[in-house]
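This document starts with one chain, in the form predicted alone, laid out as structure tokens.
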Amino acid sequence: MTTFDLATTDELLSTTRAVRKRLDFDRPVERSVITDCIDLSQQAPTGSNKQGWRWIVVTDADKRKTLGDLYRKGVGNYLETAKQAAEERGATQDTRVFDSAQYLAERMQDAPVHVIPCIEAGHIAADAPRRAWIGLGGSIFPAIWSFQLALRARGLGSCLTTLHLAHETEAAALLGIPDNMVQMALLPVAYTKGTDFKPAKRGPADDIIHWEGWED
């Protein structure tokens, strides 16, 4: 029988949110906290047990500013257009999400820590079949999620973003990332303003489960 406290575990899993407006940009983050959370993330499963992960942790203000600029270049007018579309269809929750995403884009450089998880992909050709790239992502995203859960348990928040990848070559040059490594995301990390996060509104699981096949 499991010895986990299910109430605490379920709360951690259901309230680890994409945090944007409630990131505390003014509170420093200790290096040891980031190290501990990455250390925990290394217990995540990975394809063929290769563990080809690397984590770029950026605290330098000038580099964070450049990453913020690259992120905003990647954003372009996407968030504003998406927000307007959400408003037109009356999707209140989506409107709030895009509003907070725009706020984060404007303040990205102010997050005290930027984390860029990378994975070795030198063995995968650019025109490799889709399953190869899906497998690559599946070999690191469990570790990224574990990292985010570990942050949440310590009073920190994060948000998994990918829009800077439109300019990943420039980010790689800035940070000296070798060509055989693929950047998978950019996570702004900070302590959160309060820890009282709640589960998001989601539909019932029965609406998305197909037992034994698509037609059930």
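Bear in mind the structure is a predicted one, so any value in this text is a computation, not a measurement. Numbers follow the displayed sequence, beginning with 1.
Beyond the structure shown, there is the form predicted in complex with a small molecule, which is absent from this document and is the topic of what follows.
Engineer: Can you check whether L160 is within 4.5 Å of the small molecule in the predicted bound form, heavy atom basis?
Structural biologist: The answer is yes: L160 has a heavy atom within 4.5 Å of the small molecule.
Engineer: Does I119 make contact with the small molecule in the predicted bound form, using a 4.5 Å heavy atom cut-off?
Structural biologist: Heavy-atom contact with the small molecule at 4.5 Å: absent for I119.
Engineer: Would you please decide whether K21 lies within 4.5 angstroms of the small molecule in the predicted bound form, comparing each non-hydrogen atom pair?
Structural biologist: So K21 does not count as contacting the small molecule.
Engineer: Taking the small molecule as it sits in the predicted bound form, is K193 in contact with it (heavy atom to heavy atom, 4.5 Å or less)?
Structural biologist: The answer is no: K193 has no heavy atom within 4.5 Å of the small molecule.
Engineer: Just one of 62-70, 44-52, 152-160, 167-175 has residues with a heavy atom within 4.5 Å of the small molecule in the predicted bound form, so point it out.
Structural biologist: Of the options, only 152-160 has residues within 4.5 Å of the partner.
Engineer: Would you mind picking the one in A143, L104, V115, L136 that has a heavy atom within 4.5 Å of the small molecule in the predicted bound form?
Structural biologist: For this set of options, the contacting one is L104.
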